[in-house]
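Read the single chain below, which is given as structure tokens and is the form predicted alone.
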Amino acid sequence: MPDPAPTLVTGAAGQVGQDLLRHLVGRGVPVVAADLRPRPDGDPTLDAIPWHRLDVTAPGAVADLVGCLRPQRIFHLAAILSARGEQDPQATYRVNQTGTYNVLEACRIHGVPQCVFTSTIAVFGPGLPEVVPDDVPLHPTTMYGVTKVAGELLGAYYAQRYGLDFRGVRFPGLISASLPGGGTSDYALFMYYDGVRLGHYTAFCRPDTRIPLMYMPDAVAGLVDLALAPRTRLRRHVYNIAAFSPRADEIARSVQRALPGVRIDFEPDPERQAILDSWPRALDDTAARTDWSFRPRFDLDAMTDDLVPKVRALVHGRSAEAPSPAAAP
């Protein structure tokens, strides 16, 4: 009997990609990883996964890899995130927009049955209701958000025009025991990371800032559950998913409960605060809960209790000379 077709993950070296790979392996799914960046060191699970260097902006390279692997499914994660994306909007367009087009074209050319897309709350813009449903006008204020709106629409077109099983989630800000990748919601993880490493952190947002957040285990499980859901149950291509929407000062208090003595201050950065203010304060994910039974397991304090020991392990595994990620671009 031939080996089952693998699942391909683009952007595999990123914050979501690494946890997704571990989750898929844990569920017994044959998986292949692809990223322009090398395989992260020191993880036995990732070490055992075939790893391909891939630039998603190169259409020939994408088509060649997909044609060679003939995957049954592609999780397309490769992207430049919001804060870093505003530093180089042109590169963000190439990676996020052209890269998504190249992946969808490779699916069409080589008959890949399913493409699972990671979208974001950055697709939304100012003037939103207090709780944001799936279907509202999308007026993003960042190149990241613009390209994710276009990715959602491209995927829906490929589904209608070519029969591709295209599915996606709009992720809230995600928090995990990994160094963040340049997202505007990273203030939340920095509270934990610098709280453990330095005993203090100055957040780049106001204390009353409120956006939807989610712990990475819930995000990854939800993404895979969507991919595996019977197609007949799905009424949409792209779904909001939500967990909790704390104020920034509520996150600070949760961190301080687990790490007594930690000091967290607030000095809003105007550019990043403007992005945060354009995003939803809370999401309505009724459709995801109804269609494919999405249910997050972690609230804010449960996440804090699970995350702090993992951040301690991450910090203790880094060089004492390593710079704070808060200083990274």
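Every value quoted in this text rests on a predicted model; they were computed, and no experiment measured them. When you see a residue number, it is the position in the sequence shown, counting from 1.
Below: the form predicted in complex with a small molecule, not depicted.
Novice: Is there a heavy atom of residue 192 no more than 4.5 Å from a heavy atom of the small molecule in the predicted bound form?
Specialist: It does not: once the small molecule is placed as it appears in the predicted bound form, residue 192 has no heavy atom within 4.5 Å of it.
Novice: Using the partner position in the predicted bound form, report whether residue 140 sits within 4.5 Å of the small molecule, counting heavy atoms only.
Specialist: Answer no; every heavy atom of residue 140 is more than 4.5 Å from the small molecule in the predicted bound form.
Novice: Taking heavy atoms only, is residue 173 within 4.5 angstroms of the small molecule in the predicted bound form?
Specialist: The answer is yes: residue 173 has a heavy atom within 4.5 Å of the small molecule.
Novice: Would residue 155 count as touching the small molecule in the predicted bound form under a 4.5 Å heavy atom rule?
Specialist: No, residue 155 stays farther than 4.5 Å from the small molecule in the predicted bound form.
Novice: The small molecule isn't shown here, but in the predicted bound form, which of 117 to 125, 235 to 243, 193 to 201, 214 to 222 has heavy atoms within 4.5 Å of it?
Specialist: Careful reading of the contacts points to 117 to 125.
Novice: Have a look at 248, 81, 78, 146 for me and say which one sits with a heavy atom within 4.5 Å of the small molecule in the predicted bound form.
Specialist: Filtering the options by heavy-atom distance leaves 81.
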